[in-house]
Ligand SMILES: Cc1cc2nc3c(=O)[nH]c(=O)nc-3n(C[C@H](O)[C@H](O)[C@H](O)COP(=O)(O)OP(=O)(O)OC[C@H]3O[C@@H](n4cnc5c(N)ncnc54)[C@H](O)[C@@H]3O)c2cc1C
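Next up: a single chain in structure tokens, the form predicted alone.
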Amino acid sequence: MTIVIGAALDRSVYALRDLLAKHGVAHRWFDPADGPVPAHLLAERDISEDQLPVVILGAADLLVQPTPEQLAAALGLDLLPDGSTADVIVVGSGPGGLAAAVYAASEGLTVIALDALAPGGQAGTSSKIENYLGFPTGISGNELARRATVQAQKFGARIAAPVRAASIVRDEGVYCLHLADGRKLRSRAVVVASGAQYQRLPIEGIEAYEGRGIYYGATPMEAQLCGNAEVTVVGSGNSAGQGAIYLASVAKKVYVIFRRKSLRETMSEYLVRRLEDHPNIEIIPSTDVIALHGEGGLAGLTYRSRETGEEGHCDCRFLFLFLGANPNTGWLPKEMVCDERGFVKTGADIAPVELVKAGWSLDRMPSRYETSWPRIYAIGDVRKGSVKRVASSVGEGSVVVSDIHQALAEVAAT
């Protein structure tokens, strides 16, 4: 059994627990302020509180103030050696990336799939996905990711996380992916499935509250902190609705704040009805969160109506943000064609003049999910025009594999 000891509002503790939860590693967490058990565990190992957090692995191994990467290495979650090669490297292991890994590996291609944290992506933070085909009672994003990960590994795909891509360059007919830790990987094709990340509120100093009251996903780990507390959810998409309903099962009160006039503009009807009917949920439309309060952790927030200008205050200690997303494309080469918001253009969305500027050298045009660099594909939330749904990302991840086969066959024939 893996044991984590550290304070509830220590963001390094949150990062370690988040890694363990998303990788499905069974563990126990103890706050040193809660009873004699953590004190006994620390005294037994001669650990003082200023050395926290610590992670106890089995009977003997002890990690003092480890980073998530160090914990992952100790657990064997990233065993990818420098210089590894594959037919296809998939950057990002959300639903789209995992689907690409499953279908590519099952069709005989060698596959390396990476993720900056753990398989699942944004969908992995969803407490329950109820409109995904084949799961009439719903499935958590984490469970869906775990099943897909096992499926990909069954077909021979190598999955490593947390691993962060830093850059990609052409290298004598193949691509060399540089990782943030200095390792280099080579492949004949690359699938960019790095997704998008929720935006922060435009409030100065918000970073100080992240992991200390502000969170970007509602999973059992966050819910454990919110028992009988007041909670605010900001956002009007399906993720916000799913999170609010899940948190309402443990929280004293859940406020749902959003800028639009109606949830029905952006949220599925079944979720809107559940929010409206839930006794613990209060819906506050046309409203912005304008200030955060608290020392050492979130203690409350101030919000303002867009229609009347009237301000209100909420003493919530937990704020969950499900806002618009920015694409994770900072690691891509500047020559790759993206739109004005940074989402990657693919296929027919790339204008001929843009292809010329990007250095496209083939006689054919890019295939449907191919970027302005041959044999580099973009799928899921990172791609311009994507639907931002789990099912569509999975579809793109499965379909792109046929394009990869065709492109690799072209290379082999030359």
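All of these numbers come straight from a predicted model, not from anything done at the bench. For every residue, the number given is its place in the sequence shown, counted from 1.
Form predicted together with the ligand: not shown, discussed below.
- Heavy atoms within 4.5 Å of the ligand in the predicted complex map, among the stretches 202-210, 272-280, 189-197, 297-305, onto 189-197 alone.
- Of the residues given (K253, R164, R183, R146), R164 alone sits with a heavy atom within 4.5 Å of the ligand in the predicted complex.
- With the partner omitted here, the residue from K384, H27, R389, R368 that has a non-hydrogen atom within 4.5 angstroms of the ligand in the predicted complex is R389.
- Looking at E230, you'd find every heavy atom of it more than 4.5 angstroms from the ligand in the predicted complex.
- Contact check for E130: a non-hydrogen atom falls within 4.5 Å of the ligand in the predicted complex.
- Put simply, S239 is close to the ligand in the predicted complex: some heavy atom of it is within 4.5 Å.
- When the ligand is considered in the predicted complex, A123 lines it closely, a heavy atom lying within 4.5 Å.
- Shown here without the ligand, the chain has L114, D115, A116, L117, A118, G120, G121, Q122, A123 in 106-124 lying with a heavy atom within 4.5 Å of that partner in the predicted complex.
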